[in-house]
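One chain is shown next in structure tokens, namely the form predicted on its own.
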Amino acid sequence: MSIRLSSYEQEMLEGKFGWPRQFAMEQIVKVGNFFDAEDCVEIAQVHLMADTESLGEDGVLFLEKLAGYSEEQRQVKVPTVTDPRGIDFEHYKALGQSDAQAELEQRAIDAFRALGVMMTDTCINYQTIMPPVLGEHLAFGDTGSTIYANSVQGARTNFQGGPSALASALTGRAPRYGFHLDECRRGSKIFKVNDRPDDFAQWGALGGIIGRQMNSYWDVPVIELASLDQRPNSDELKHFGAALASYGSTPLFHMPGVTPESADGRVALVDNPQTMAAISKDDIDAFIEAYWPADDVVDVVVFAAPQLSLIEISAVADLLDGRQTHEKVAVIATVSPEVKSAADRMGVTAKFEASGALLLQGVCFYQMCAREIGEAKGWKRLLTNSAKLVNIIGGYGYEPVLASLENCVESAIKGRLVR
């Protein structure tokens, strides 16, 4: 069965509105047919992943080809925002990145702007730009933004890679399959959490523990907290969801009494859902302990993945206030341009960087050619409070360690790992 198209969608497919939209509808039809989608949904916004490390020269050339068409043919149809980029133009040389990398980044930015894409450069668009709302259909690419939009805000999107999200931006459509459908949003595995995590690292560890027990993209975990006296806040859910998506390739979770599709404590479930082993504080501690090395060496402390909210960067700055990071340890945090502007205005940036730490905007560490940065700077052992970053960064040649925000700061000050 082929996907059913409206007359407007068929006209785009036939090239009536120019090649960029024709290419985009061809992409949507291929994805829709692969997943047996009946038709398309109209989407409200797009979050586009397209960092230059992934794009490469060929990807940028393709964007420039699209940008060469007339404005009428190339402009995106719905608000489209970008994930973190690969270059902070103020600090890239200090990180060992090259002018050639910066030039490729600028070309990509110029092409995106010609398409009408808003260069928001953030993975926390749901906290800083235009938060999705319950039931809204989206085309989001970043795993952390997707799981947050689906779960915490009750919107509807699949993980959409760069070409797929770009196709949705150019057409205002996405294939109706997967997490756009009620039947795919039902809980399939039930986890009881006996002890509330204490900090962001522990919330991320909880996400990692559950993520490792997901058998497929279609598994939907239901997380039952033992107590709702202190509900998780936005940043805690951000770290939990980002780690769950990273370890489990999971786009959706339900948390009865917290997330909107189970706000009354009830969750739509599949037939015969699995009840999994309860998760305790000991399990969370063991997850974190598994990343700790035998020695206390640390080269770089990174607060990123996801980018920090204004609340988070303020907390880090307060812990660093009046202190100096150790000369042997680099300290980096990444924030969105909007958060950076607010941090500058409120004195947070000055407080943070007075310690010797570096605040980067519009980027995320692992999307910046992190391997090349590590090799250029001689960094190997990386300490972070982000379980998502711990899961990813080993693939770039680092030895990751997971710790609380407070222990990350103390380690940076003392020049060695501190528990």
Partner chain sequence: MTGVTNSGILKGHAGIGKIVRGEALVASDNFSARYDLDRLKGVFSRPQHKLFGHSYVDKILILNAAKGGVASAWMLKEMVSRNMGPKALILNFANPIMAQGAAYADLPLLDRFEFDVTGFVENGDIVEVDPAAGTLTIVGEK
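Numbering follows the first chain given and starts at 1. Just so we're clear, the structure is a prediction, and the values are computed from it rather than from any experiment.
Beyond the structure shown, there is the form predicted together with its partner chain, which is absent from this document and is the topic of what follows.
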>> Counting any non-hydrogen atom inside 4.5 Å, which residue from S262, T82, S246, Q97 sits next to its partner chain in the model of the complex?
In response: S246
> in the model of the complex, which of the listed residues (A357, V31, C40, L382) lies with a heavy atom within 4.5 Å of its partner chain?
Replying inline: V31
> Heavy atoms within 4.5 Å of its partner chain in the model of the complex: which of the stretches 263 to 271, 69 to 77, 139 to 147, 324 to 332 has them?
Replying inline: 139 to 147
> How about P163: is it within 4.5 Å of its partner chain in the model of the complex, going by heavy atoms?
Replying inline: yes
> Does any heavy atom of M276 come within 4.5 Å of a heavy atom of its partner chain in the model of the complex?
Replying inline: no
> Is there any non-hydrogen atom of I392 lying within 4.5 Å of its partner chain in the model of the complex?
Replying inline: yes
> Does Y396 reach its partner chain in the model of the complex if we count a contact as any heavy atom within 4.5 Å?
Replying inline: yes
> Candidate spot G59, S216 and Y366, all three in 4.5 Å heavy atom range of its partner chain in the model of the complex?
Replying inline: yes
>> Given a 4.5 Å distance limit between heavy atoms, list every residue of 51 to 85 close to its partner chain in the model of the complex, or none if there are none.
In response: D51, E53, S54, L55, G56, D58, G59, F62, L63
